[in-house]
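The chain below stands alone and is given in structure tokens; this is the form predicted on its own.
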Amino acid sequence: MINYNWNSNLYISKHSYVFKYGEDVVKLLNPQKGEKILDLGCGTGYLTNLIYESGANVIGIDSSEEMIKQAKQTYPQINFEIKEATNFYFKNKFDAIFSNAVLHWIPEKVKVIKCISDSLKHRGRFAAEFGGKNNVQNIVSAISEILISNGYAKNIKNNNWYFPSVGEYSALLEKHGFDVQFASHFNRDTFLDKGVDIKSWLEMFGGKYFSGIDSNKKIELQKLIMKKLKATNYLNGKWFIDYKRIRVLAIKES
């Protein structure tokens, strides 16, 4: 699994749309009072707290020490733990597992699905949303073109995102004993707040592309990427991200 050094302050101040959009996934989960629920990749805990407010007994896990630290400070009434999505275990199984904007960061998708399956009760449900096929394609193409033309082709592989189709991901779930109740792939172009540009998005989510590149050169490359993207991802004075998402609800049958 790729390790990321998340900036929780930047995440909250300029990219809160990531977890705000996740409110609809909580509705899909439909948490009930007294249920035992796991928030897989909880980040700073905003959605974990929404689940908590339903009356469910919720635990949030994330691989980022920085994110878990922030979550504990903001929501001290909730149990948060540092755990990897590819290798987590709880003695008592869950009624449901929830995940928002996490699974596209983890290429080892089979390990993740196995952990989810092993951690759910029979008829337990899994509700998730994450990047799907062709997610941020404009941005990926611009980054790749600029890195290659400036002699940094090897850096393209640094961000090993996983953006499956609905069919691919549904088949993986079914192979591991899930009955897929609902699966959807949809466009969600998302405008950044006024004054927030693509550079901020690159810093927050694309930092691995610039690993090993000195700061001055990185700034130069990011400016070239922004120039390239202005034709496709800038409208009426605001930048937007060309998100493509998968949303899924599945029941563990075996």
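Residues carry their position along the shown sequence, with the first being 1. Just so it is clear, the model here is predicted, and its values are computed rather than measured.
Here the subject shifts to the form predicted in complex with a small molecule, a form of this protein not shown in this document.
The single contact residue among K111, K83, H104, K133, judged by any heavy atom lying within 4.5 Å of the small molecule in the predicted complex, is H104. When contacts are defined as a non-hydrogen atom within 4.5 Å, none of Y46, Y52 and F98 contacts the small molecule in the predicted complex. For F163, a non-hydrogen atom is located within 4.5 Å of the small molecule in the predicted complex, even though that partner is not displayed. When the small molecule is considered in the predicted complex, F205 lines it closely, a heavy atom lying within 4.5 Å.
Shown alone here, W239 lies farther than 4.5 Å from the small molecule in the predicted complex, counting heavy atoms only. Within this chain, W201 lines the site of the small molecule in the predicted complex, having a heavy atom no more than 4.5 Å away.
The partner is not drawn, yet in the predicted complex one stretch among 87-95, 141-149, 174-182, 155-163 has residues with heavy atoms inside 4.5 Å of the small molecule: 155-163.
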